[in-house]
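Only one chain is shown below, in C-alpha cells, and it's the form predicted on its own.
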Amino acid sequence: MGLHIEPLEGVGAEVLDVDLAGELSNAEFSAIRDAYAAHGVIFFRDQDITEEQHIAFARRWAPININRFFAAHPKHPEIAMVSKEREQRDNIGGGWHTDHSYDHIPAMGSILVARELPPEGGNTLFASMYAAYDALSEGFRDMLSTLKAVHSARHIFGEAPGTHYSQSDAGGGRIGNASAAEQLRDAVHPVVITHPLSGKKALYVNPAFTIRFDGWTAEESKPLLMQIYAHCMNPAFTHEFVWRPGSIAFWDNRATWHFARNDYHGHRREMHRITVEGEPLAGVAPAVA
C-alpha cells in the first residue's frame, strides 16, 4: 500500500499517493478512516473524479444527507452546489461554523470537491475542536462538561426578516427553502462531546448555529460563548487550505470548524459538496467528587 499520511500544522492531514477514482482496497480505506478520525479533516490533491465517483466514495462512509437548503446539482441530487458567480457579492459559509449542528443527529462530515476555482483566493480555514478542548484548563473543562447548548437553523436559513441569507445575495438561487428551517425543532447537544470514531473529546459549539446554553438565556450565554469562540479561533489550532484543481477536502463536523474566505470578487468558484450522515453525540460525564 503506497498511501501515506502527512499531518499538517494546526489541524488536518494530507492523504498522499492514493487515487479516489479507483477502487480503494480495504487497507487503504481503513488508513483513510483512521486519519480522518485522528485529524478531523483530511485533504487529497491531484484527484480527477466524476460526480458518480464522488457519490460512490461518500456512500462507502455512510448514507448521504440530502441538503435541505443548498441548490442541488442538476443531475445528481446527492451533490449540493457551493458556488459563487462573478457578479455575486456574498459567498456561502463565510464565517466560522460547523455544518448541521442544528440537527438532532448531526451529519458526520462533508466531502468537498473543487470543480472551478478563481486564479487566487477562496481558501478554506479549518480549526481543530480537539486541540481547542485539550488546551483548556482542567477546571474549565470540568465546568463545560456539565453544560449543554441549543443549536438552531432559523436565524441563518429561516423566513424572518434579518436572517443571515435573507440579507445576502447567496439566498434565493443558491440557498433557499426557508420554510424547512422554520419547521426544524432546535437541537440540544453537549458542549463537550466524545468523538464516536476517535474516542477523543472535542468542543461542540460554533458561532453560526449555537444560540445559547440549555437552561440559560441568550444574554446570559453570550459572554461565555464569546470566550469559548475566541479560544477556538487561536491560530495554533487552525490550518488554511489552499485549493488547487483536483483538490478534495473531507472534514468532520464533530471535530472541526471551517470558514470559506470571500476574497475572489469578479471570479467564479464552484465546489461540489456531499454530506454524510452521523450518529447521536455522546457527552462527557461530569466529574464525580
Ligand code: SIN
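None of the values given here were measured: they were computed from a predicted structure. Heads up: residue numbers just count along the shown sequence, starting at 1.
Unshown form predicted in complex with this ligand; subsequent notes refer to it.
Candidate site formed by 92, 251 and 258: every one of these residues places a non-hydrogen atom within 4.5 angstroms of this ligand in the model of the complex.
Comment: 93 to 101 is the region of 188 to 196, 214 to 222, 93 to 101, 131 to 139 lying near this ligand in the model of the complex, near meaning a non-hydrogen atom within 4.5 Å. The partner is absent here, but in the model of the complex a heavy atom of 243, alone among 237, 243, 57, 44, sits within 4.5 Å of this ligand. This chain appears without its partner; in the model of the complex, the one residue of 149, 82, 108, 153 with a heavy atom within 4.5 Å of this ligand is 82. Using a 4.5 angstroms threshold between heavy atoms, residue 205 stays clear of this ligand in the model of the complex. Proximity of residue 271 to this ligand in the model of the complex: non-hydrogen atoms within 4.5 Å are present.
Using a 4.5 angstroms limit between non-hydrogen atoms, residue 124 touches this ligand in the model of the complex.
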